[in-house]
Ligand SMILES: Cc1cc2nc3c(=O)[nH]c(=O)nc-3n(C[C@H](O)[C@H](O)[C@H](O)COP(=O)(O)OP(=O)(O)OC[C@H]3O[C@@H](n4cnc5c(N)ncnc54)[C@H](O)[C@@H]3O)c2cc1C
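Presented as structure tokens, the chain that follows is alone, the form predicted on its own.
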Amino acid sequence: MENFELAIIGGGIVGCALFSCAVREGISTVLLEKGDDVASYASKANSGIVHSGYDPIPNSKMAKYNVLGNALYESMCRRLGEKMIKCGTLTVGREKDRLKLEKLLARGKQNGVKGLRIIEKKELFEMEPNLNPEIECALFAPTGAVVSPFGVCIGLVEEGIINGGTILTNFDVVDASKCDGGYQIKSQYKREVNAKFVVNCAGPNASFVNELFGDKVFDLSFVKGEYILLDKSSQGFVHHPIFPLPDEKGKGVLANITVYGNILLGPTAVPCEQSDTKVEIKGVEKIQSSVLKSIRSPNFKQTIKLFAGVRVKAGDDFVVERSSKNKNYYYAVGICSPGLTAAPAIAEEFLAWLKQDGIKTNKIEIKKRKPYVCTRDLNTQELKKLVKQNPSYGKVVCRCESVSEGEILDALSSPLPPTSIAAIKRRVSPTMGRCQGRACIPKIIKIWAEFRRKQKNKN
């Protein structure tokens, strides 16, 4: 049995953001994650866009947290050492769509989004030469950006760990009860923690967790978004996230850039079951046909991966509440898009409520998280200097992504050590390239085995 001031259930982007916030306030905090790593579910499979906030309905929680969260992202990524491309976003249309774009512009201004403007065809095609020739105007949102969604989650949690926070992975919450001064939370493996305060950020399982605590149950729906990822040889085909006009199903199928240099096409919006992440051929065909409405035909032969993520909805807005039934219990439910953007603001809201309700804080000396070395981003002199200090950075393991043995070892010895090849990928990007790991996975396994052997001998 372990005792904490605060337990956060769920290691998606909202839970990770709150974990970092709480630990930096000196709060004794544990993050309970069902999977074997953070960002194991919806937070690893989305577009990675920091939305500006012109799309949500004015006065909604989505609008509020979207705009506030957008304003926090740059400083947060700088603090974590995570890459953020401040490119802005484009929502494109034809002349007949101009009125709809102007309505989005007005909505964005009402939401407090800065710098929005309508761009005409000449300037637009200078920005994006590969647009569909029929496109004539667009709404430009300069505060939009792109990040690695799982990279941000990992960075936040590593920051929390090095500053004294605790994370328990493979902790699937199956029971909860009140105890002296707080709550007792149990996992399927009979592990238990006690906490005075609990925040439920369990994503698709948030309503179930609420039920365990005897709190409000929500009618949830699930929507699958399928994606096509193109090889890095497509880099430069587009320079911004390019949206069609949104409809009742969502923001539509877009062409997007990534911080890794790939082009990402999608998502679809298909009602589904909670765990349905399979990609259907009709979904691929939907992406291929829909994206052509916005851009000239991309080279679909450059496709290296198909994947899907499932987002959860609890009606038409986010649910971010302080419980009226249980003292010191809080929950976030239905955090779909723009949840990645909204997460830092939601975390700050929870932190404010926790402080109001008397959570114990302590002043600590905050340690800065060290970001991962990325050898492909170094110039020749920088790489030579690094290799001279540590020759393992000169041994290439993943040729597609130019990932060295030193970077693999950095991931294995990180504050939140990976327990799978996929988790190593999310930290330093081997297996992300054209061959999708066929060449480098055996090498990674060999490096990992040798690392474990040395650890065992050391102990």
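One-based numbering along the sequence shown. Every value quoted in this text rests on a predicted model; they were computed, and no experiment measured them.
A second form of this protein, the form predicted in complex with this ligand, is not displayed here; the remarks below concern that form.
Q: This ligand isn't shown here, but in the predicted complex which of 252, 309, 261, 142 has a heavy atom within 4.5 Å of it?
A: Flagged contact: 309.
Q: Just one stretch in 399 to 407, 428 to 436, 25 to 33, 413 to 421 has heavy atoms within 4.5 Å of this ligand in the predicted complex, so which one is it?
A: Of the options given, it is 25 to 33.
Q: Does any part of residue 91 reach within 4.5 Å of this ligand in the predicted complex? Heavy atoms only, please.
A: Judged by the heavy-atom cut-off of 4.5 Å, residue 91 is well away from this ligand in the predicted complex.
Q: Quick one: does residue 337 come within 4.5 Å of this ligand in the predicted complex, counting heavy atoms only?
A: Yes, contact at 4.5 Å.
Q: Hey, in the predicted complex, is residue 227 touching this ligand, heavy atoms inside 4.5 Å?
A: Looking in the predicted complex, residue contacts with this ligand include residue 227, since a heavy atom lies within 4.5 Å.
Q: Looking in the predicted complex, any heavy atom of residue 56 within 4.5 Å of this ligand?
A: Looking in the predicted complex, residue contacts with this ligand do not include residue 56, since no heavy atom lies within 4.5 Å.
Q: Which residues from 345 to 374 come close to this ligand in the predicted complex, meaning a heavy atom within 4.5 Å?
A: Residues within 4.5 Å: none.
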